[in-house]
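This document opens with one chain alone, in structure tokens, the form predicted alone.
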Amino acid sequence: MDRANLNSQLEHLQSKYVGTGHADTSKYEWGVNQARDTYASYVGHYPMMSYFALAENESIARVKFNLTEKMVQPCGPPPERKE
């Protein structure tokens, strides 16, 4: 594969999937995408939800609610933007 083809494929993936990032992705945005993907995976896999519910001594619905709430701002408030 030549470099131009590889870069073209990478740009296509980055435009298609938000979580893959791009050259201007900040450290904060990357962390938020990773955390949200992780929480979404936990919510989507029932055995993981059962495990977390058992470990936290909470109902599965409460664990699902807590994980969904964490998805709003998983890494805290965004940093100040420098203009």
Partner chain sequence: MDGGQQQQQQQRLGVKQQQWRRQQRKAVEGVKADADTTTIRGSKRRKPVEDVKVDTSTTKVQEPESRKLVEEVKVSADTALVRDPERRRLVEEPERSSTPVRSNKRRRTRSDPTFRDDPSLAMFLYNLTLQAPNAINQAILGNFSGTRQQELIVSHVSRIELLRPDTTTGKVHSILSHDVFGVIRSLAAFRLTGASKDYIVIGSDSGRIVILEYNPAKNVFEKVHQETFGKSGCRRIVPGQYLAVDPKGRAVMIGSMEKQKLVYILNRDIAARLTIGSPLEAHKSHTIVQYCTGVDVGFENPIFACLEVDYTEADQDPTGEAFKESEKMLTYYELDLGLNHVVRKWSEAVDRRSNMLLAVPGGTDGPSGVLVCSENYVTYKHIGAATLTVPIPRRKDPLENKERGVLIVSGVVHKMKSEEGDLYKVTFDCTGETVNEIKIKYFDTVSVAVGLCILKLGFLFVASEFGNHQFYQIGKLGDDDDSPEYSSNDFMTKDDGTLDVTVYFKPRPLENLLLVDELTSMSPLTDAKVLNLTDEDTPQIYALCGRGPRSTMRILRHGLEVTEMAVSPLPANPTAVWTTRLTADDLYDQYIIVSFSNATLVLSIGETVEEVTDTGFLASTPTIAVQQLGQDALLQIYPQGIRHIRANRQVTEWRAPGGRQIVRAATNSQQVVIALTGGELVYFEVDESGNLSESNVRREMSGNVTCLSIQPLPVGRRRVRFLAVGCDDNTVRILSLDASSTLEPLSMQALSAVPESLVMIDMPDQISAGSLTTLYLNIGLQNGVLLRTVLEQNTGQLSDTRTRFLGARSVKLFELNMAGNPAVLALSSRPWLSYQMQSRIHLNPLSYEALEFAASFTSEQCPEGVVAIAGNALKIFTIERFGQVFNETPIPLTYTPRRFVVNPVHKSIAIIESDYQTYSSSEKKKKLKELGFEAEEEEELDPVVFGHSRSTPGKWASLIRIINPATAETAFTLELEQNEAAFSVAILNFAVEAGEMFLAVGTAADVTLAPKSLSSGFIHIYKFINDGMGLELVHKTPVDEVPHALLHFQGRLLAGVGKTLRIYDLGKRKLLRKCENRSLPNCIVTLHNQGGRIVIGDVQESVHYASYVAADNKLVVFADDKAPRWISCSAMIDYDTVAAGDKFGNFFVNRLPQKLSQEIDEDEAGSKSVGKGYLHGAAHKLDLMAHYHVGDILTSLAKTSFVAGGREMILYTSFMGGIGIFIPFQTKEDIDFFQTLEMHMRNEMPPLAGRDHLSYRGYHVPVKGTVDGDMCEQYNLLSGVKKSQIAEELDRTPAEIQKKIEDMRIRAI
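For clarity, a rigid core is taken as the largest C-alpha set superposing within 1.5 Å between two forms. Since the structure is predicted, the reported quantities are computational estimates derived from the model, not experimental observations. Numbering follows the first chain given and starts at 1.
FYI, the form predicted in complex with its partner chain isn't displayed, but the following is about it.
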Quiz item: Just to confirm, A23 within 4.5 Å of its partner chain in the predicted bound form by heavy atoms?
Solution: no
Exercise. May I ask you to state whether R3 is within 4.5 Å of its partner chain in the predicted bound form, using heavy atom distances?
Key: no
Quiz item: Any of the heavy atoms of K82 lying within 4.5 Å of its partner chain in the predicted bound form?
Solution: no
Quiz item: Would Q9 count as a contact of its partner chain in the predicted bound form, using a 4.5 angstroms cut-off between non-hydrogen atoms?
Solution: no
Exercise. Scan 47-64 and note down the residues that get a heavy atom within 4.5 Å of its partner chain in the predicted bound form; none is a fine answer too.
Key: P47, M48, S50, Y51, A53, L54, A55, E56, N57, E58, S59, I60, A61, R62, K64
Quiz prompt | Did E11 shift 2 Å or more between the shown form and the other one, C-alpha, core superposed | solution = yes
